[in-house]
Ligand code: NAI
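Next up: just one chain, as structure tokens, the form predicted alone.
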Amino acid sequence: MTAETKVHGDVAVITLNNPPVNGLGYATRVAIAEGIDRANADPAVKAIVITGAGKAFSGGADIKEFGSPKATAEPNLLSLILACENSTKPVVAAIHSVAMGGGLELSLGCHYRIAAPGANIALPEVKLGLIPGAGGTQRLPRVLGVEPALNMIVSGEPVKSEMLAQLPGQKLFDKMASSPESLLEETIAFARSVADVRPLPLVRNLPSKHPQGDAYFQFARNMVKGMAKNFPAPAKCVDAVEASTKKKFDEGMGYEREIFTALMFTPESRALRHLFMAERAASKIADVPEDTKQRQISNVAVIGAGTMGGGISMNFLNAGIPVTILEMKQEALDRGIATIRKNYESQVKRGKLKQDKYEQRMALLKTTLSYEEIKDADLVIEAVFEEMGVKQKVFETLDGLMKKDAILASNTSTLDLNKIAAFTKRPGDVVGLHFFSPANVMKLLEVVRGDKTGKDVMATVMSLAKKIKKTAVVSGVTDGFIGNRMIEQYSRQAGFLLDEGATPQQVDKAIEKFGFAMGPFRMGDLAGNDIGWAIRKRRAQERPNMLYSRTADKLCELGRFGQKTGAGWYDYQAGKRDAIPSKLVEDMVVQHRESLGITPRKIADEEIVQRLVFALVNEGARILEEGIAARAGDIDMVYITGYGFPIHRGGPMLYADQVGLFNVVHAMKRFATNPHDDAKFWEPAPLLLKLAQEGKTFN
């Protein structure tokens, strides 16, 4: 049942019941409309209340129906709101917990609104590259005032009901209930008190004005332009709200709909909607039922107090989970704890963290030099040096020490998790938890599932990822998993581009103009070029036929490891992160090019972007085909949350879909004829070729 109607004396109560957030799907809309019709036809009913069961009034559109005919089938949301407005008996919304998007718009179509304290109120459509499409831009300014309404619409952020109730002159809420528990009772009483009041008040009849008029909206446009340069929706929010002040209500509604429909077809909105769905899909594992019994994680041990170990520990401390950090030497422990303190103190100084919270988190942290003191941990995460021999010693020790049912996790970024699991007699307890640096900041967590990793272990760590506010994406076992396996091909192309005539700064600028947070050479300097060097050395032994440019190795032979040494692909001044082009590197690249007998050529930015991005796409297609990633959307989530891929492009796989897979394949065939590139790599992955030939997409 998606909505049910019960009569309480002379008040009909329509309760939305479509878990988890009472999304306004087709069946729910039908049930609400039928409830309104029945109540209006019943002479014993004097008023109608609409509320939501469980933990929401309504979260808006039902995401399960996104893009399907059901989303717009009658009664659509506009028709349902009209049914509320046209009701001959007063309709009162009893708002609690969550009223967002279409849920808030539905309440604005009611004659009255009563809110419980603590309810989150929002119009978050801008986060999907859209504007509110069911009257939100026309009605909210009329009940809140233009400025607060526009702030809410442009940001998409929720605001607590009690804060909105305090705004001077607000007409959003006719009354605040004493508590969430008494909301329904108070709303029914209010509905009875207004049952005979006529005419019925309509939000559409209220004025929408701003005292500064045009000057205010120009100021708002300038502000929005600076904040959202790659996204058209925020500026369109300003246009729509301005229309509420200049057009008649129905004209404003038509203008809002026009904008909403146009934005639906923009690549930016498609990207944001894709990522919204992909993030939710990534948390689901096909063969792990949602009701799989999870293991209890009450405390965590982290082995290694370096940059990664400290950052990993902070995630759990932030979530209120006690952590014990194990190190081999006291000095290393002291350094690690000092870094954690420094990070927290910086947050306190910037007003991001209260002093008492900082102290609470540090009180959850213990340190030790003895494995014996971590034996009762529910989860232990190894964050030691990325070398198989080192990992082997750690896991053999853990196997003989940790309690039964403890989860043994490795933070390895490239190594074979099945080999690591085989160092133990309990491979079902072993999982990869690949955090990204800085681990206390980056959202991505690659959860690496070994051949024998238990389903309960997977269910537990996926749930735990949510607790520590990470976006978890499951990867199978392969060298580099999803992200680093793909970035190898991206980095190889960056090297070949140097060999052929580009400079590090040209490559970086081209891909940053495309929208990446950082180009490959700046990224290498930040991460440490020595890390990539160590991986290349290992791979050279395992895959001797793999072609690479030698420039990155030559850079490392000069000791230029990046920001930490003050010199990498760029020069750095002490205490600053500004990347300064290096004459020494430029000369090194020229000399290497000459030694290969390559005559440099001018390389267009378009070619740079295509070679870097399509290298990701081709390797991503292979990863999908091999079942390392379950979905193209999972790959996009990895690149958006872990590698700085531009959000407005939706990730490499969606970007390829938008360019057209036929065009991607055509470009790859062109790159394969380049004598200084890897022709074998540019053979399109079979899945990519098949989809292109069939006119299909990854998503």
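The shown structure was predicted, so the numbers you read here are calculated from the model rather than taken from an experiment. So that there is no doubt, residue numbering starts at 1 and follows the sequence shown.
The next section is about a form of this same protein that is not shown, the form predicted together with the ligand.
Decide if the three candidate residues Val390, Thr412 and Ser437 all line the ligand in the model of the complex, where lining means a heavy atom within 4.5 Å. Every listed residue reaches the ligand in the model of the complex, so yes.
In the model of the complex, which of the stretches 95-103, 497-505, 328-336, 357-365 has residues with heavy atoms within 4.5 Å of the ligand? Comparing against the ligand in the model of the complex, the contact stretch is 328-336.
Give a yes or no for Met308: in the model of the complex, does one of its heavy atoms lie within 4.5 Å of a heavy atom belonging to the ligand? Flag for Met308 set to yes.
Would Phe385 count as touching the ligand in the model of the complex under a 4.5 Å heavy atom rule? Yes, Phe385 lies within 4.5 Å of the ligand in the model of the complex.
4.5 angstroms heavy atom contact with the ligand in the model of the complex for Leu183: The answer is no: Leu183 has no heavy atom within 4.5 Å of the ligand.
State yes or no: in the model of the complex, is some non-hydrogen atom of Gly135 no more than 4.5 angstroms from a non-hydrogen atom of the ligand? Result no; Gly135 lies far from the ligand in the model of the complex.
Would you kindly say which of Gly304, Gly450, Gly480, Pro90 lies with a heavy atom within 4.5 Å of the ligand in the model of the complex? Among Gly304, Gly450, Gly480, Pro90, a heavy atom within 4.5 Å of the ligand in the model of the complex occurs only for Gly304.
Within 4.5 Å, heavy atoms only, which of Val609, Met518, Leu624, Val394 is in contact with the ligand in the model of the complex? Result of the distance check: Val394.
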